[in-house]
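One chain comes next, on its own, written as structure tokens: the form predicted alone.
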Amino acid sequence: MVISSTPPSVRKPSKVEGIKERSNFLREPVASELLLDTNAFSEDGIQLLKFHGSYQQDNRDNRVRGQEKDYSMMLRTRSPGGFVPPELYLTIDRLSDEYGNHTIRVTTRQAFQLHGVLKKNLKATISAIVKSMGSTLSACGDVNRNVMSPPAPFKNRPEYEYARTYANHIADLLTPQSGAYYEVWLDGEKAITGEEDPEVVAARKRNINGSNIEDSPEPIYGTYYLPRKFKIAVTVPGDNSVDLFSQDISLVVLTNDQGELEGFNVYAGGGLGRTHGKEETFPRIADPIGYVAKADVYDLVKAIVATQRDYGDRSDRRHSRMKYLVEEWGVEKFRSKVEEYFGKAIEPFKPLPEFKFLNYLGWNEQGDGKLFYGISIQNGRIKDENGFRLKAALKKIVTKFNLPMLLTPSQNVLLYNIEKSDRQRINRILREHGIERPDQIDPLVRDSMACPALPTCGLATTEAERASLPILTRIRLLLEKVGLPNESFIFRMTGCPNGCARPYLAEFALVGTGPNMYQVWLGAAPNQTRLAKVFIEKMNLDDLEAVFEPVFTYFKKERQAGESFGDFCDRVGLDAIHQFTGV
């Protein structure tokens, strides 16, 4: 069976499909427009720029009628499993001051973002990242994005090593191959990187029943790449630090009694982005698909990607994520189609323990005599502001101790390979720079996330990151007022419904609908295995206390012993909460 790379659709393909087709495999018009003395890219350039790891933005705080917008670029790194070597971190720190807005942001996919990079400085910024063992290739765009894995650097738990290893290998497997990235940003000079695993190279070339596009510079993606972005995580049994149910594909490492890798359980069809007022768009958690032996895992990943490549919706980008294909086909039909590309039947899913939300903050044993330390970072923003000087502290620690780091899916940083003799010196540096220990931070704040939103995100309709701490302070005061001073839950906030901070897997979420207005979602599981539901379509933020004082009062009155807020909302149902509170 040979499958064409032409997008299968009876409807007209979206405009972006044409842009990809004309791009000469991601080269144009980005390469030409970089040479122009302009402050911004064209619309076609903006779309192609995403594949190279950058979004064009403008600062809405600085808009002046009749004047050109204040354009700059957001740049995102490709860091599988969140791994950042010390030399790369120091380069990113320098670039944030030299070309950016003096901050660095840890993303919810274990990468770094730089904000405020001008178009004229973009090539120098990307080139410096690549020459420091980093990359931005495929951090955005209609390709596989950064592959996630649990950030804990345990040396005595082999399943964690396998998860990190396969996150890296799958990222390599699905990296665009055309060479455009190095032509555009390094003038054709191929960066010095680690050698790819031979099994990955062989798997990329292997064509099983049309899983590859023959005679294409992009053997897995073809001319049109994927219909939309694609997200993958690799985790271990019981560890849901990666929000595995939100991914297009999640792999769960399975080992034998000797700790040797045998294979992976496979989930598919998760995704959180949606559009207000479009009921055909919705968040969805991934379904169990089956089990795959380690020897076949790359072929199965390719088979799933090929199914989305050839059957995903290329006409309506709001409907283009693989979750809609799985939802409309059903798991059985989806699995059958994947098996055609895989060339064999997928084995039955194997039993797993309950998943837990883990954040790995504070001091921890690595298992080899060394330590790692997790630093809690509100909304992932590494900055120096008043007495809080995390950016200076990290630069000093990484420089002095030459430590690598792992970025977490909760937007925190883990420093690892720390000698026990260095623990007190690192504690002192953090304390001198105003960095609180994780146990000193209100867990309501510590476990929260918010997207950047205004002023730079073009999709945001209201505030998120800048408003999150004042809102959490109000929620804490309200909990104290109703007699729940020690209560905490997973809170997430976004400026639009696209779901970058994964709000639909939070126990309490605010999703922006307009200036100072939010859709309220309640009832996800505290371990992020169940979706929240809409409680209020539009709530003015000024009404937060009036709305939630009776909700928290009801929670205090009717909760079961040890019951979390999200589990309570799910058990009693949102209708009962509406009835009790009159909201």
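Start at 1 with the first residue shown and count on from there. The shown structure was predicted, so the numbers you read here are calculated from the model rather than taken from an experiment.
The form predicted in complex with protoporphyrin IX containing FE (HEM) is left out here; the points below concern that form.
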Query raised in the report: Given that protoporphyrin IX containing FE (HEM) is left out here, which of I382, V305, M74, A393 has a heavy atom within 4.5 Å of it in the predicted bound form?
Result: M74
**Report entry** Among the candidates L174, C500, I475, L414, the residue which, in the predicted bound form, approaches protoporphyrin IX containing FE (HEM) to within 4.5 Å (heavy atoms)
**Finding:** C500
**Report entry** in the predicted bound form, L459 touching protoporphyrin IX containing FE (HEM) (heavy atom, 4.5 Å)
**Finding:** yes
Query - M322 within 4.5 Å of protoporphyrin IX containing FE (HEM) in the predicted bound form, heavy atoms - result: no
Query raised in the report: Is there a non-hydrogen atom of A450 within 4.5 angstroms of a non-hydrogen atom of protoporphyrin IX containing FE (HEM) in the predicted bound form?
Result: yes
Report task. State yes or no: in the predicted bound form, is some non-hydrogen atom of R78 no more than 4.5 angstroms from a non-hydrogen atom of protoporphyrin IX containing FE (HEM)? Result -> no
Query raised in the report: Hey, of 398-406, 360-368, 229-237, 216-224, which bit sits against protoporphyrin IX containing FE (HEM) in the predicted bound form at 4.5 Å between non-hydrogen atoms?
Result: 229-237
Requested in this report: Scan 93-107 and note down the residues that get a heavy atom within 4.5 Å of protoporphyrin IX containing FE (HEM) in the predicted bound form; none is a fine answer too.
Outcome: R105, V106, T107
